[in-house]
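The structure tokens that follow cover one protein chain in two forms, given apart as structure 1 and structure 2.
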Structure 1
Amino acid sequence: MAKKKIPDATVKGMDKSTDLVLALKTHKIDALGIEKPSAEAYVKNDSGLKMIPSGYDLNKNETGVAIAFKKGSNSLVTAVNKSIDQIQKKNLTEQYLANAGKYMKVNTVNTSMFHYWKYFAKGVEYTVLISIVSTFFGVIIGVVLALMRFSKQKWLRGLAISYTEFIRGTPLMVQVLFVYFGIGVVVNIPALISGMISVSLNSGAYVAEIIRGGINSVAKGQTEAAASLGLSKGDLMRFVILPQAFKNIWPALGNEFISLIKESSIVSIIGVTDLIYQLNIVRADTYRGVMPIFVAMLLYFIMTFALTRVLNHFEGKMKHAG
């Protein structure tokens, strides 16, 4: 619409109106085209914003809203059509536009971040849950893949290498979307489970390479000594190689766990109510662009700092034991 109505306009699009408003306030864009009710709400909640008519000469053929229904939902379609007829007959749309700012203002009287602490708490809860589950399964997947890399079976080595390279060569966002929407065509997987699966599979590929490096770092003399004692290959790996490997790779493994907390934020794109998802809800509800972001940053720092302390504690114990 802007390209058509405003000569020589350069248009910049973003996913959310809250991001566009923040871009406007930080002088990244000169103006924002937005529907009138939302514009009124933002202006009423932020004295630094002003609203001016766009001057667009619209007609019914240029813009509109569509509603999608599942096939066969005839009764629902009929009910919605009746509601639309009543809206048109009673001219309710114009009444809503005239009072939209007032209605939306009611929900944003208290825009302090403390008022929304439950939103942030829920986000932290889901972020921690996803991180713990993904770490657990990521380590299991990583160990299996690493052992497959040392297998004498070429097809096992090839499978492990192919998986690792493919996962590391594609963005986590694409993987999340594929699991949720792609596999969802065959099996309907809830968003939270899809997020956990995606992050676990992604983490497993990186953990596998870390563990492989740790196994290679164990001196060959350890293997020879264990073999001379009559240990089987399974016992050799379980009691001699892996314990030493984990000790060597603990700092790198810890970095992966810390990164996992931050990378798990990508699951918000499929509707998982993690910290980023809750952050966007607070931004939309309060019309404040920066403060919710700052609170989320602070919470992520607290989580990662706490995990760092825990990992350092266990690393110290390993060194002492060694």
Structure 2
Amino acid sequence: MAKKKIPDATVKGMDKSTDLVLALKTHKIDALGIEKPSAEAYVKNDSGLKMIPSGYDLNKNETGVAIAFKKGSNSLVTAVNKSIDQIQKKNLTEQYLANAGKYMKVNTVNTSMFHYWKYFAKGVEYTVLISIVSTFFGVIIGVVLALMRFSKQKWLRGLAISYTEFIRGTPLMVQVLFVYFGIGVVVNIPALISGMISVSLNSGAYVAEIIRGGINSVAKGQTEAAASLGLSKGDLMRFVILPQAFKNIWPALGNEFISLIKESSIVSIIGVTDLIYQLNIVRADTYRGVMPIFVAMLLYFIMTFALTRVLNHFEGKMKHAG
């Protein structure tokens, strides 16, 4: 549309107006076509911006608004159509617009990030919640997969290998979408649960590899020494292999937990209110492009750094014992 109306313009698409305003401010784009109420809000909030009424001569077809309904809700569609007809007949649009302007939450008074601490806190809460739950189930899935890898049954080994390879060979984002929408076809599960399921399934594959690597890294001589003493396979694992493997597994597992905190941010695409999702809400609300990102970045760093310290503490303790 802009192409038709403004000669020599290249069009760049982005999905959120906050991102577009930011792009405008950082000279990535020259101008931004936007609805009047939003533009007003941005300009009020930022003296570096200026609003120019486009004066586009738009006909009715070009300003069309659509409302989406669930398939089969016929009565609703007729009802809505009826109201629209009435609105047009009585020419209520002008009045509505004025009202909407009043209602639209344009927070230009207090855009300090402290004012939004509750939003960030909720984001951190969900990010931590998803990470903890996924770590827990990821470890369980990982242990089961690792046991399958060491099984005598060929098909169990094959199954574990296929699963691991498949998970590692596809992006987490696709897995998140697949679990949410794919399983959503059969049973309706909330976004948060879908997010936890997909991140756990993903993490399980990586944890399995870490465990397998840790076990394989224990010297072969240890197995032979244990066997020569008459120890059973179970005792060999329990007293000799696993305690040693755990020393190698622990740091790698720590890295996995830390990357889980970061990677879990992908669940925001299905609407889970994790830190990324919340940061976008704050951006939309304050019309400030960078600050919320910076705050989220700091919060992520604080979480991962704290976890690193905790893990190092335990690692140090284990070194002492060995």
Partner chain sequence: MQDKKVLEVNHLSKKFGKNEILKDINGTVKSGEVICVIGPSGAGKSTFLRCLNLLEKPTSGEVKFDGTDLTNVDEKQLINLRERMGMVFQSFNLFPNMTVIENLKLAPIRVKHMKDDEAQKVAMHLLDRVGLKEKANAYPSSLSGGQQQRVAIARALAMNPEVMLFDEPTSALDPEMVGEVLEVMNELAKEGMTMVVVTHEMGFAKEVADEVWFMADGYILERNKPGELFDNPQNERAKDFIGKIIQNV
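Every value quoted in this text rests on a predicted model; they were computed, and no experiment measured them. C-alpha atoms forming the largest set that superposes within 1.5 Å between two forms make up the rigid core. Residue numbering: sequential along structure 1, first residue numbered 1.
Practice task
Choose the one of the two that is the form predicted on its own.
Solution key: Of the two forms shown, it is structure 1 that corresponds to the form predicted on its own, while structure 2 does not.
Practice task
Tell me, please, whether between structure 1 and structure 2 the C-alpha of residue 118 is shifted by 2 Å or more, with the rigid core used for superposition.
Solution key: No.
Exercise for the section: Please say whether, between structure 1 and structure 2, the C-alpha of residue 168 moves by 2 Å or more once the core is aligned. Expected result: No, because once the rigid core is superposed, the C-alpha of residue 168 moves less than 2 Å between structure 1 and structure 2.
Practice task
Return the inter-part rotation between structure 1 and structure 2: the angle in whole degrees by which the smaller rigid part turns against the larger, from C-alpha superpositions.
Solution key: When the larger parts are aligned, the smaller part is off by a rotation of 16 degrees.
Problem - Distance the CA of residue 219 travels between structure 1 and structure 2 [rigid core superposed, Å] - result: On core superposition, this C-alpha lies 2.7 Å from its counterpart.
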